[in-house]
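This document starts with one chain, in the form predicted alone, laid out as structure tokens.
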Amino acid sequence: MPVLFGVTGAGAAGAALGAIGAQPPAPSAAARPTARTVPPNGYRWQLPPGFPEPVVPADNPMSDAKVALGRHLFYDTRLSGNGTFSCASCHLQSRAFADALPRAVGSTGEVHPRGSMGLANVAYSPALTWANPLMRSLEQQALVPMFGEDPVELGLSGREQELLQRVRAEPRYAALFAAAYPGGGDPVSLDHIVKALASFQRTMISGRSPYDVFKQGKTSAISASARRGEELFFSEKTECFHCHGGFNFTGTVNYVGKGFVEMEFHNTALYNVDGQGAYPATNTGVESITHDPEDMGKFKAPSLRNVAVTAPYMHDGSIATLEEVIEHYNAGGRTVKSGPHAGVGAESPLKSEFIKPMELTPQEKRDLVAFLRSLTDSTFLRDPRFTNPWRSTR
């Protein structure tokens, strides 16, 4: 069973998107538009048709000025201890703000145990990172890569004042910080930096893929193979939709008006190193937070939007292609034949009830891949609102 962390939201009850359900998500219908499209401060979201409004912390309301500042900070290598890395070093727009590496490599060369998650639609995620139900806001999460020491990512631990001095020394920031945080005094602070970064990331919303166009009524937007794949994806034969349902193709989602916030973590039978369902010691999933043996190997099911450009796959990048991902699930778990992680995932007593042999035909496997490829939002991958603002000036 997936582990579920339920949080009662402040909005109207009963507005769930049907993250677990038998019906395919129709972005224009399943994701109910909220009536509150213009917050009190006048910020206007640029949402795809049918997408709900993201939840924003009360102490960090959205503003165009904060988004502009956050965009500059996101691409600024001043935000690493040795001045070589920025957030964008591991979150590439061309890859839906994921990374090409199996496991992330920090500014000092230290290798992270997990891959960089894509940031597309991260505004809708009530739990950040792969397996931490306690990581609840982008403002909180931003501090981890900046100041974390195990592993070192941006390498800023103990160098907070140096970071602020660097930022103050950049002439462009004077106007950007003043616009984002008016009111006098020195607006350059760590609190304002993380809030601006979070504001920018909340604008990274992707929902204009060929599949979205198809669901809005243009049947020719995706191929016949992709349409067959859609039927398989939402069938009991594959069970895919149980963990990747709803408008954002993940069971972990929140938005304005959602009554019950769901955070789901699953053991997908990727490993079984001891015959009892154990994962490699450096990557035990939610168990590393809760220390509950039942949480061994449970990780968040990421959104599948733009999944075709976010290879390699799984939390540790250990599967290279979408075709191999389908093979993994078709077998009901992965078999690692040799080495320290050897084991038969299909025999794991801890795997999700949805992971079972599918007996897919070769054509059905191709159809599933075609469907997943139809979730690529090419406009998002090139959207100038998310490009590097320093590129033309450095």
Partner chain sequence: MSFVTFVAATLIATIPATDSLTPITIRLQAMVADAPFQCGRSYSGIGTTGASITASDFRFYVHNVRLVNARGDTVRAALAPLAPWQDRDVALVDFENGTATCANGTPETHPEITVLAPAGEYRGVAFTMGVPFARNHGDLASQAPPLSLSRLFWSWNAGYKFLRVDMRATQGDSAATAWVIHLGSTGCTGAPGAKAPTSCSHGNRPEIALSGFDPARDVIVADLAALLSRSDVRKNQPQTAMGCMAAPNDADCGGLFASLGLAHPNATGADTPKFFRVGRGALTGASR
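Here the structure is a predicted model, which is why all the values come from computation and not from measurement. Residue numbers count along the first chain shown, from 1.
Another form, the form predicted in complex with its partner chain, is not on view; read the next lines as being about it.
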Have a look at 214, 173, 147, 313 for me and say which one sits with a heavy atom within 4.5 Å of its partner chain in the model of the complex.
147
Consider the chain as shown here, without its partner, and state which of 208, 78, 103, 136 has a heavy atom within 4.5 Å of its partner chain in the model of the complex.
136
Here the chain appears without its partner; judged in the model of the complex, the stretch of 148-156, 218-226, 320-328, 84-92 with heavy atoms within 4.5 Å of its partner chain is 148-156
May I ask you to check whether residue 203 falls inside a 4.5 Å heavy atom distance of its partner chain in the model of the complex?
no
Can you work out whether residue 108 and its partner chain are in contact in the model of the complex, taking contact to mean some heavy atom pair no more than 4.5 Å apart?
no
I'd like to check something about residue 308: if you look in the model of the complex, is any of its heavy atoms closer than or equal to 4.5 Å to a heavy atom of its partner chain?
no
Just checking whether residue 236 would be counted as a contact of its partner chain in the model of the complex - the rule being heavy atoms within 4.5 angstroms.
no
On the criterion of a non-hydrogen atom at 4.5 angstroms or closer, are 63, 119 and 376 all touching its partner chain in the model of the complex?
no
Taking its partner chain as it sits in the model of the complex, which residues of 256-286 have a non-hydrogen atom within 4.5 Å of it? Please list them.
261, 263, 281, 282
